[in-house]
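Two forms, one chain: they're shown below as structure tokens, one block per form, named structure 1 and structure 2.
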Structure 1
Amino acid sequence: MLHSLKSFLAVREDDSELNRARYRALNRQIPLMYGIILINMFMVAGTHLSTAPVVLTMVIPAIVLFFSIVRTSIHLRNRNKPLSDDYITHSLRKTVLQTPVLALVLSGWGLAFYQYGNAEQHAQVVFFIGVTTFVCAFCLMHLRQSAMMLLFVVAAVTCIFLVSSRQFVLMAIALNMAVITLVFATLILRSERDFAHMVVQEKRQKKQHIRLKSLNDENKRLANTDSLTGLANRRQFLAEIDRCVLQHERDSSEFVVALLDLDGFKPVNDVFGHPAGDQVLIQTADRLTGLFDAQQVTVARLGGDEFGLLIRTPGADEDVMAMANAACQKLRETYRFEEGSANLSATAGMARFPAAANTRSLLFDRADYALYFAKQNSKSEPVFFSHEHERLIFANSALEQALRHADLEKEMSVEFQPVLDLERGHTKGLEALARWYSPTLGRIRPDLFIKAAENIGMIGRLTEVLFRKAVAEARHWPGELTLSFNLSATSLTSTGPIMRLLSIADQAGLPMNRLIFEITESAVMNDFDSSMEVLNHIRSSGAHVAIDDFGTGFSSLAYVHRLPIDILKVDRSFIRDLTLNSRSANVLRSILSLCENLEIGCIVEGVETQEQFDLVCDLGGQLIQGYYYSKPLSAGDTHMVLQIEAETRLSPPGSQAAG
């Protein structure tokens, strides 16, 4: 019994979070408690000035006043101060020890007046003791030890005093007070239990928030870091350029973007294998980071054997050229690895902001064009983007002119690349891929003519032509197969373009639930609010939304969970090194886990080898797309492949072998 009481009254040191919550609550309520005690004491003392001795009416209230001022000032002084767990535990224990003294003072002082005055004053004394006790217990309710001791000490002393009078009315008051004390004690214990539960829940939520933030930070770090070299990746590099553009708007500062490409890297992979190639890339990263101050130059691996330099304080063109020459010279040094050694060189293309371009995308394109020009004309040397290069770019307008005069219905076509459902072992759906064969220019790469169509404002018309052709084929597919179609950024600026596409599908008789519209992260972030409106319209129609090339854009949890999407398509850049680098596998594992937590689908793009396929399966991937399963197929080949697949699934086991 004594052990249980001691355990109940103890303030445990291991409940630091709960103790802090109790202390904060007491800091707010104890000053109020002392105020109520003083007001009630002065009321009782005031009505007994003419009948009770000075010790009761003046001296004791003055002592309590002094004590209350001291204790209140301590609590007010500590309200906003950082306090240690030891101090808080000591303060709570001190409050527990002081509570019985306070209880005895309240009950003893109040009952001492009972021998003075008339019946009305006796009633005031009982009222004072009861009200003051319950209010003080309420103020101390978050420290149950103090609240319980105050209630039961005062109640015990008062009830014994009243019962000892042997007056029926006073004995009834004592019984009433005992019952109310028990009820009030039960309410306080229940309230304190709920308070402790709430603190525990908040602690758990805080830990969960920290874990989620840690996971988010880790995903962000992985998404911003090249898994092989540890350098910033393309996403991070482009984000750094964006920050420099914003800085220029504030102080008109200039910066230079330089793109470097290793010459002779492919033979290293072909002759010595990918591990040797990885060693070359790692050594390249080490050489570049060792050559430049990280505060002045950001070094990034943009993909493959292409690296980027963001030079924040470039100086004159001659200074930048000297830096690029130093980088190229450093990369000419012999590379040594376990399988042998190799001598490589590097070519660099550079563009200055804002002289060469006043936007990030155009600046990057012009640095890339300078790199392309250098490779074609002055290999292994750095080249600055110049007005001559700009003139050459204008020559590419032939593509735009050909597109303007093209017979889109006749020249444009669509191929389809299947998506494999690993669980079911057959095609889940097909992605429509645009193709253009120009009578004057021949076959044109999709990225080139789509970009040209966007530049000249033809993308809407081109999209509708391609979508109509894709839908015309898809409506003949088996009912469960989906059609994926890529939307350009301009299609996300308003609901008009998507409404026309949905109308085309409806008129062709293709159910909306078989449509998947693919968008890129960067397209969404160009105009997030407009994109959200378009995506919500797509979802409300019954069609689905997929994020294409996930990992090359923003890849932030801060916005992914806000988008009305059904599928993430993991960019092929994460799959390229999947079998050679554990970090790539960790990134893919994180994305698959993200999709599972968000309850959305995940398609792994770029699966081209058996090893990649096996590893994606081991990591829990369910949907894959890539050359390992199928290259893009013409409409005719698609129909034939789907027919064969359907017949294979419908054939009874062993029928093929029997044939």
Structure 2
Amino acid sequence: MLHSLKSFLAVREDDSELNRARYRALNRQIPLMYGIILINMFMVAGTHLSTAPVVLTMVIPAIVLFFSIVRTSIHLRNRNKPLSDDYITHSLRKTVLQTPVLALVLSGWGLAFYQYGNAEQHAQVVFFIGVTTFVCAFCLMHLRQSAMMLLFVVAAVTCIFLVSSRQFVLMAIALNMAVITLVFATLILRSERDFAHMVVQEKRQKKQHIRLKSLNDENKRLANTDSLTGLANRRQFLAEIDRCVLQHERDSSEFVVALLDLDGFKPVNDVFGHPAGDQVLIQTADRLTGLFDAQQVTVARLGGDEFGLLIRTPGADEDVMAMANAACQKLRETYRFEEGSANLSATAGMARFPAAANTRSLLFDRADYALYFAKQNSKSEPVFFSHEHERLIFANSALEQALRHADLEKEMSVEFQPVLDLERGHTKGLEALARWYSPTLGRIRPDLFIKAAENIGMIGRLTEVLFRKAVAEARHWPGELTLSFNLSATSLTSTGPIMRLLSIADQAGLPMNRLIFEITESAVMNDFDSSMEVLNHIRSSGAHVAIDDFGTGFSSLAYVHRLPIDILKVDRSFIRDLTLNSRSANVLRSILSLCENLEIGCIVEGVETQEQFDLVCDLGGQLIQGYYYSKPLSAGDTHMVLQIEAETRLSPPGSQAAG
């Protein structure tokens, strides 16, 4: 019994959360409680001033007032202070211990007045004790130990006093008080239980919230870093650029975005496998982070083998160039991994904010353009986005815009350039060359608009228009003259485009064996497997395949025999140098003999002068294309020239040589 009473009254220190909540609630209510006690005491003291002794009316209330001020000021002072669990437990225990004293003072002081005054004053005293006790118990409600102690001590003292008077009315009051005390105690215990439950619930929610928050933080971290290298990822990189843009708005600070792309990464992946590729990427990340101060330069992996640098205090262009050069230099060092080692290089493109662009996406695009430019033009040399690039982009975008809105049927046409068959002394076939006359931009070079059409995804439609026009002419040509048609790299990525072209020729009634499709080496190397499929498809239909611009791209004589081809077209750069150095002549000789061995045709392109023509003849060239024999001709001129040639079969157009 005593034990359970003790444990009921104990303030347990392991309930720290509950204790804190109790303390907070008491902090709010205790000043109120003292206020009520004092008001009530002064009322009683006031009505007894003339009848009761000074100790009761003045001294004790003054002591209580002093004590109240001290306690209240302690509570007020601690209101917003961070307090330790120990302090709170200690303070609650102190309150519990002080409660019986308060209860005794309340009941003892009140009842002491009973021997003075009249019946009304007695009623006032009983009223004082009852009301003050219940209000105080209510204020102490959240600390049930104190509330119970106050209720029962006051009730016990008062009831004993009243019952011992043996007056019927006072005994009735005592009974009344006892019942109300019990009911009130029950209510307080219930509400305290609810309070404790609520605190536990709140604690659980808080814990859950913390867990969710840390989960959220972890997700955020994962979403912003590259899992392989631990660097910032593209999302984070873009967000940091955004922050730099905002910073610029505040203090006009400049920054530079540099994009780095590894050259030779794909072969490492292909030859040594993905784990080796991963090692290369991790080492690249380490090398780059080791090179720069993280405060000054953010290194990010933007995807694949592309990395980004955000240079916050870039200095002059030369300084940035030096940084980019240092990065590229570092990436040229040999990579070693379990499966072997590899030498790679890197290309960098850079753009400065706000000189190159004044928005994040434009800046990124321009750095990307500079990178593209670096790859195209000066491999492994960093390139800064410049005004020249801006002009190029402007011209390109004007061209793309005009092409998008072009009436292809009306604006596109084809010219034909004859190929001379030396042995027979007349035209063997003709190459169709695309021509575009734009009403807004005028005449545009075919290599430019073909590239633009590839960029904007129009090449398929454009090729079909051009091919239809070429075939419509070729079917009127006499005899077995062939039509050569250039295919762009994108036509080699699947068999769809070529099948449509073959069906166009079929519908026009042009025999397949009179068709030659010209493709470049680099287009074949771009996607070797699907190119082979397309080439085989062409040949199985009866049409022929020519490798165009041979010698400019991959230029490996070794693989030529593996390609399903009928003709090799030697690039005109060889012929240009033919009269200048003997090396070119040797190369041409070996290409010619290779073709002879493989039993494929060889067209020598770009023959412009008598001298070149003679040399090619001496080296054994059979098929010749170039301004010397004929420039590209309009469809009408072609028709006329071929007509004359068929009639005379003597002298090919514009030529003194074959005549």
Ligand code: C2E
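What you see is a predicted model; the values in this text were computed from it and never measured. The first residue in the sequence of structure 1 is number 1, and each one after it adds one. Between two forms, the rigid core is defined as the largest C-alpha subset superposing within 1.5 Å.
Chemist: Please identify the form predicted on its own: structure 1 or structure 2?
Modeler: Note: form predicted on its own is structure 1; the other is not.
Chemist: Please say whether, between the two structures, the C-alpha of Phe416 moves by 2 Å or more once the core is aligned.
Modeler: Where the cores coincide, Phe416 still shows a C-alpha shift between the two structures that is 2 Å or more.
Chemist: Once everything's superposed on the core, is Lys330 shifted 2 Å or more at the Cα between the two structures?
Modeler: Superposed on the core, Lys330 moves its C-alpha less than 2 Å between the two structures.
Chemist: Take the rigid core as the frame of reference and indicate whether the C-alpha of Val607 shifts by 2 Å or more between the two structures.
Modeler: Val607: C-alpha displaced by 2 Å or more between the two structures.
Chemist: Quote the shift of the Cα of Ala402 between the two structures to one decimal place in Å, the two forms being superposed on the rigid core.
Modeler: Reported C-alpha shift between the two structures: 6.0 Å at Ala402.
Chemist: Hey, core superposed, how many Å does Glu518 shift at the CA between the two structures?
Modeler: Once the two forms are fitted on their core, the shift reads 40.7 Å.
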